[in-house]
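Encoded as structure tokens, the following chain is the form predicted on its own, with no partner shown.
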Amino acid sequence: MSERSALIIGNGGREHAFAKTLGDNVTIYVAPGNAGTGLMSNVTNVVVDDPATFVTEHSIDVTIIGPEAPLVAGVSDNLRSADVTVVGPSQFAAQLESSKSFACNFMDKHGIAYPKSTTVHNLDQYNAITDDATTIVIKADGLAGGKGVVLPESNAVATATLEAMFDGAYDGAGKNGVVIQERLSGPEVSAFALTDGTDFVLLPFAQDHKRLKDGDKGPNTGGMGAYAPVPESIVSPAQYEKIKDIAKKTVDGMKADGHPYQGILYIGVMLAQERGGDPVVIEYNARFGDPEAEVVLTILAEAGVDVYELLKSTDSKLNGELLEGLNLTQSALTICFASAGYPESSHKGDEILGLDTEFPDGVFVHHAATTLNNDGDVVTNGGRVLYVTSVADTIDEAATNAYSVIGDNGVHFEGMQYRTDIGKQARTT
């Protein structure tokens, strides 16, 4: 085994982004991976029942946990107890993502700005809060695959949503409680911090596009595309410093509570118009967002950052020097292609055509829910299938290049859904 080796846990676009940016000189295993990671020369897709045993037997240097479910299940704790280097917070710290009510209580305790919130357990408690559902946001208190946040358009929709959440329709999230928050307005920003539990660094901000359809219409999804970095025209230097202060309060607060946060911390903020543009925490995630990972990791790698060493250092002493003097001269944009029926359902088995298209420089595909059929063809495996990612000198150029490879003469499959306005916030054309 080479000195630089990694096990990546997960099978989505985020995990493909990890594999692509760790470096060609890193021996990588992805559990279970997808069709894209399986095609990389330095990557092996594997099925792993016991990560600690696998890592020990293969002398793997670092384990990177991609999705939230293993973190919430305590996989990082099991690995650390076996003296394995891990990128990912503890089970306790991951509650910042797994429990909206836990996160609200934490922010209240440590003076972090967030929307006014109340946790309810039945319709009577909800009805006592408001008689106008268009002023609130409904959040299932638990993991719901990015689909547990609803902005009701009417009282009837709110009631139906709450009944469904209490009934377990959102992957069980909400059965034991639903968080009702005031509805704020303003640009949303995805801020990522890498931290060893004491020190932290902020990575380039990104903007995600959660709604299924153009113009931020339709249901919430896990993310239909993203771009980075976010320009100063959206996040001013003063707002940046306030977001940095939120990150510091979060890291310091977890440490003060006796559970230092190590790994990747996602802070979803809204620059709330109702609060003079000040950043307000909408949600925490205990890992990289997907699709934000595809753009943030890409521009770090393009800027010459040793992503492998940077991530690895979160489990010991953060090596923030790897980001010193970072000059981000390029932008990245990624467009999600979702299967027919998503997010309500997921069609599988449709052949993905055009992957062998000659792409412009800086354009490539991040696989997510892809697999191979019996004939060796790459086919859809439901949900968010893949991403076309582009890196270029400007966000406009990145968007133009990415969209140029989509369609009947490029990347496509039956029933494909995608947005045509990714990066609209920062694009000039």
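In case it trips you up, residue 1 is the first one in the sequence shown, and so on. Treat the numbers as computed from the prediction; the structure is a model and nothing was measured.
Below, we refer to the form predicted together with ligand AMP, which is not included among the displayed structures.
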>> Whether Lys248, Met254 and Gly320 jointly form a contact site for ligand AMP in the predicted bound form is the question; each needs a heavy atom within 4.5 Å.
In response: no
>> To verify the annotation, which of these, Val149, Leu355, Val201, Ala103, has a non-hydrogen atom within 4.5 Å of ligand AMP in the predicted bound form?
In response: Val149
>> Please identify the residue among His110, Arg183, Lys175, His259 with any heavy atom within 4.5 Å of ligand AMP in the predicted bound form.
In response: Arg183
> Where, among 282 to 290, 340 to 348, 307 to 315, 123 to 131, do residues come within 4.5 Å of ligand AMP in the predicted bound form by heavy atom distance?
Replying inline: 282 to 290
> How about Glu188: is it within 4.5 Å of ligand AMP in the predicted bound form, going by heavy atoms?
Replying inline: yes
> Would Val137 count as touching ligand AMP in the predicted bound form under a 4.5 Å heavy atom rule?
Replying inline: yes
> Does Pro115 make contact with ligand AMP in the predicted bound form, using a 4.5 Å heavy atom cut-off?
Replying inline: yes
>> Within 4.5 Å, heavy atoms only: does Leu79 come near ligand AMP in the predicted bound form?
In response: no
> Does any residue in 196 to 220 get within 4.5 Å of ligand AMP in the predicted bound form, counting heavy atoms only, and if so which ones?
Replying inline: Lys210, Asn220
